[in-house]
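Take a look at this single chain, the form predicted on its own, given in structure tokens.
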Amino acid sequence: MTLIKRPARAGKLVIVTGVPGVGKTTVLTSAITLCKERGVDVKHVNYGDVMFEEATAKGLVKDRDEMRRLPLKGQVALQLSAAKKIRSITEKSNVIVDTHIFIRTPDGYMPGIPSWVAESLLPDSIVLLEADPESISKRRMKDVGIRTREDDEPSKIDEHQLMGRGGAAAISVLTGCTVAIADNREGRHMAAGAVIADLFKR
């Protein structure tokens, strides 16, 4: 059996993920505010933004949509380059990585954190933001208008959240990180944010 050697770093790396419409932006804002009030320095990093910065710096793309059209080998290289850059930040600071654990596509669910990314980042914890599928469905419909799409149906949202739990469990087994589930109920974003902020107290 080969044990993964966890890197020596000054800060913690916590991945925060949740399906579209779960209220991740609001919860992350609450978590960062709580950390500041406690005197804890935390950097908020969006994984997709870092990938785009890396791709732009290498002259591979001019906009984010072009990243999806890159050859698979090129996308993997970008994922690893972004992971290395994020990991380097933890040498001096705590980091919250904002990303998707699974992305729904016409061909099924695509991992947002494949094994090579998980092994490169070696997170200390993963936080799954969840909410009642009915509430998420209503939030999405407010965003896109009155037309209900298949992906907005509560049953599909529930399926997506269950996939997230499975993905987080797999990453936990692979890397040895912990998994926390934060329930983002209506009006309870501060409580959900506290689940994230509390991970940086230890």
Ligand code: ATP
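Please read all numbers here as calculations on a predicted model, not as lab measurements. Residue positions are given as counts along the sequence shown, with the first one as 1.
Separately, the form predicted in complex with the ligand exists; it is not shown, and the next lines address it.
- When contacts are judged by a 4.5 Å heavy atom cut-off, Lys12 does not count as touching the ligand in the predicted bound form.
- Residue contact check for His100: one or more of its heavy atoms lie within 4.5 Å of the ligand in the predicted bound form.
- Among heavy atoms of Arg69, none comes within 4.5 Å of the ligand in the predicted bound form.
- Contact check for Lys62: every heavy atom lies farther than 4.5 Å from the ligand in the predicted bound form.
- With contact defined as any non-hydrogen atom lying within 4.5 angstroms of the ligand in the predicted bound form, the contacting residues in 12-29 are Val19, Pro20, Gly21, Val22, Gly23, Lys24, Thr25, Thr26, given in sequence order.
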